[in-house]
Structures are given as structure tokens and as C-alpha cells.
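Just the one chain here, the form predicted on its own, laid out as C-alpha cells.
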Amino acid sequence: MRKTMLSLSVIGSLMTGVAFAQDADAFRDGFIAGDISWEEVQARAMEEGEVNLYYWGGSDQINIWMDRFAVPALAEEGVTLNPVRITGTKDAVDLVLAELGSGRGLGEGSVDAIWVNGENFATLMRQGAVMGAFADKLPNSVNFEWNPEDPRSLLNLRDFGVETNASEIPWSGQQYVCAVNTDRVASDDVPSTFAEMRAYLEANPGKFTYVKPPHFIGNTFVQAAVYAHNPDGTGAEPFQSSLDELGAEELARLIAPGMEYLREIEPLLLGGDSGNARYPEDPNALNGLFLNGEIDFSCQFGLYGVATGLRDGTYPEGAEQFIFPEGNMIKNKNYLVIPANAPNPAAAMVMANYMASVDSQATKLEIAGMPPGVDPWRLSDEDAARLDAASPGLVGVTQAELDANTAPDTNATLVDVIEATWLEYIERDSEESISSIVATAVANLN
């Protein structure tokens, strides 16, 4: 009898799982249409019981915050948060696409949410692999600016030039910021333009390098150089268009001066005097060169990177932020997306709503130094003050200076082409023309 009851229990659990998978589309459509209340979402989330969040796990601080704050907070909602730490976001995206390709549809996948931005989000959107417009319907969506008539909404509505359509919710913000070791560089010698950086390197060869593409940190430096050398003087503006809108020939014309600059300074970079410039593989390697005094500047995403680097001993004591390059310091947000076949869609939304709360944003900022993804002007004075108090702070620059020199990310459809051009023209020292290299890179996309 006991065996029979156990078997019935197992069968019941399996039937419940099947039912959940079968009605996932109805649940999704109902929530997006506004026919399902938040209380119903919370109730379903407790039935689902867990949420699998795939995210880059290369930061000890983020991992600590996830375990000490996010996991207990979701437990209070009756949901077990399973942080799945991966080395590359593309791995999670590929898993979602592979499962969809094998027929694992709505409610039948294994990934509930992914920390993404840029190309990875664009890939999911192109494949129809996102749940849909959930982000502006969560209770904590009030912490974001969604009004398209307000220019401050841009980073919520577009991700690397791709319309988000509320299919991802901002989790954090970032800006590409450079640091200088003031113990080694006089204030009058700190460059603010690429021309000044070249002049510095001519006088101090080998004292700078940047992360190697295709790492996104390296791609961003290349994009900033391309913006600054735009032959039309319009900076980032044309690079907001898609590849289809711009065309290969026009893209090649626009990026050629920036690529020429990067080739010209290569002999002046770290190791360049030996004909073998050293490009660190990731930010950790770059930080090591900066800390050891091998280079005088370090450029990467990290609004509070200097403050946390000084606190953790990963930056030299004389480190300060500085404005570089003027007018082209790329700023973006990163997001949480729910795949179309998420096995626990309600729990994923409860998790996303928590991540968008002021409490979550403030503790993540304090522990991990991750800038808020929420928009401060949408918060109460008390909540805005709480975020300010949690901030590690800026070192050497003001927020107003940073805000005055921002630029948007490159459209996601252009990133692979610009990256491929750098790899061919700079790393492989190709003798082909940039127009020919771009044409080949575009052809290889298809």
C-alpha cells in the first residue's frame, strides 16, 4: 500500500509538472495582457518553488552578495534561488537556443533567467527566445523611466541599439572609465583625448595597453576610439544604426580612421617595442599590470572600480579616475532576461522584481560595487539617499563630469564586424584594406 501511495505521489508530481509546462503560454500571455494579478504570480512562484539564474560568476563580491542577500530574500518569497555561475553569458544563451531547437518549448527549458546585455540579448530577440514584455509590469517597474519622450529612458528602452520592448529589466548600470596612477603621472600629463594619449606614449612608450578583443572590455575601447575618430565628427551617432541600415561600405568608411589610430599606437603599447604588443585577456590581467606599475592607465567598465580597487588592494594607492576620452565614455546598463521556455516563469518574475527593488540595489552596490540599474529620479528622496549612502564613491571625478561625457553603446549588429576588423587589421596585421576586411566580415555573418 505504501509503495502504491508513493507511486501515486510521484505520478501526481509528474502530472503537475506537465500541467505547468502546458499552461506556461497561457500564464505568460495572461500576465503580459494584464489579466493575472501580482498575487497570482506570487502564488504560482511558490508552487514552482525555485528559479535558476545563470550569470557570470567571475566576481567574488557578486557571488558573496548573491549568497548572503539574494538567496535569503527569495527564500522569504517561498522561492529557492539557484545561482548558476558561468564563465560566459553566451553559454547560457546557447543552452536556451539548443533546448528550443530540440523542441523544449514554453515551460520546458532549464534556464529561468540570464544576466545579459548587448549581443546576447540581440541574439535571443532574433531567435524569438524571450518570454516577452514583462519588465514594465512588475511592481518595482516604477523604479525605472519607461517614457520614450524622456531622453533619460534610452538605456531602459534600447540595449546596444536594440529595442528591449520590456523583454529584459535593468539590473545594473555601468560606464567605461579610465584610472591613472597619480604616483607615476603628473596631473598635467593625464590625457583626455586619444591624441593626448598618443603624445603621452611617445614620451613614455609601453606604459599603456587595453584588454584584447573579442573580450567586451576590449571591444568597448575600440568602439570609443572609432567614435572619437569618426570622419564626420558625429561621434557615436551613426553607430546607433543597424548593419542593414548602415551598410558595409559606409561602416568601413566610418571606422577606418579609428582603426588606423589603433594600428599606429600599437608599437607604443606595452611590449610594442619588441614588435609584440601585450593585450591582457581580461580585466583581472589588466588590473595586475596596473597594480604592478607596468602600465600607468587602466580602462574598463567600473563606475566605482577605483574605490573598490583601493579598498580591496587590487589598484595602486595613487589610483584616480579621469575623463577619457572626452565625450565618448560609453555608458550602458545590463539586464535580466527570462527565456521563452523558462521552466519557472513566475518564480523568475518574482526574482526579477526583487532584483529591481531599492533594497536589492543598495545592498548590491555596497557589497559588490555594482552601480544601480534603477533611475534615481524615479525614487523617493529617502530611497535615493539610501543608494547614495551605499555607494563606494568616485575618486578623482564627479558624477556631473561623467554625465557630461557619456556615449551610447554601438548597435549590437555592428559589434561583431568591428571586432573582426580589429582582429584582422590589428592583431593579424593584415595588408588588406579596411573596406575589404569589413566586407568579408559582413559576408561571414550570413
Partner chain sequence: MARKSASIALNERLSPYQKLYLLLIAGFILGPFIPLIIQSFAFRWAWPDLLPGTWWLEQRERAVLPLAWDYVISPYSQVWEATLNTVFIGCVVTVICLFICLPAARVLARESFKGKPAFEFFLSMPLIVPEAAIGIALLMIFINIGLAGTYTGIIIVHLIPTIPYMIRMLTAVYQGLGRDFEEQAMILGASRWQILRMVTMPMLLPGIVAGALFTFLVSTNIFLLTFFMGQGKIVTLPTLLFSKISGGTLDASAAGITLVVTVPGIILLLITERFIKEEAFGKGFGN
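This is a predicted model, so every value here is computed, not measured. Positions refer to the first chain, counted from 1.
There is another form of this protein, the form predicted in complex with its partner chain, and it is not shown here; the text below is about that form.
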Discussion item. Taking its partner chain as it sits in the predicted complex, is Leu95 in contact with it (heavy atom to heavy atom, 4.5 Å or less)?
Written reply: yes
Discussion item. With a cut-off of 4.5 Å between heavy atoms, is Ile64 one of the residues that contacts its partner chain in the predicted complex?
Written reply: yes
Discussion item. So in the predicted complex, is its partner chain close enough to Asn276 to count as touching (4.5 Å, heavy atoms)?
Written reply: no
Discussion item. How about Arg253 - does it come within 4.5 Å of its partner chain in the predicted complex, if we only consider non-hydrogen atoms?
Written reply: no
Worksheet, complete the sentence: Answer among 321 to 329, 102 to 110, 257 to 265, 220 to 228 for heavy atoms within 4.5 Å of its partner chain in the predicted complex: the stretch 102 to 110
Discussion item. Just to confirm, with a 4.5 Å cut-off on non-hydrogen atoms, which of Leu291, Val71, Ala248, Leu157 contacts its partner chain in the predicted complex?
Written reply: Leu291
Discussion item. Please identify the residue among Ala285, Ala195, Leu243, Ala133 with any heavy atom within 4.5 Å of its partner chain in the predicted complex.
Written reply: Ala285
Worksheet entry | Candidate site Glu145, Ser391 and Leu394: all three near its partner chain in the predicted complex by heavy atom within 4.5 Å | no
Discussion item. Could you pull out the residues of 307 to 342 that have any heavy atom within 4.5 Å of its partner chain in the predicted complex?
Written reply: Leu310, Arg311, Asp312, Gly313, Tyr315, Pro316, Glu317
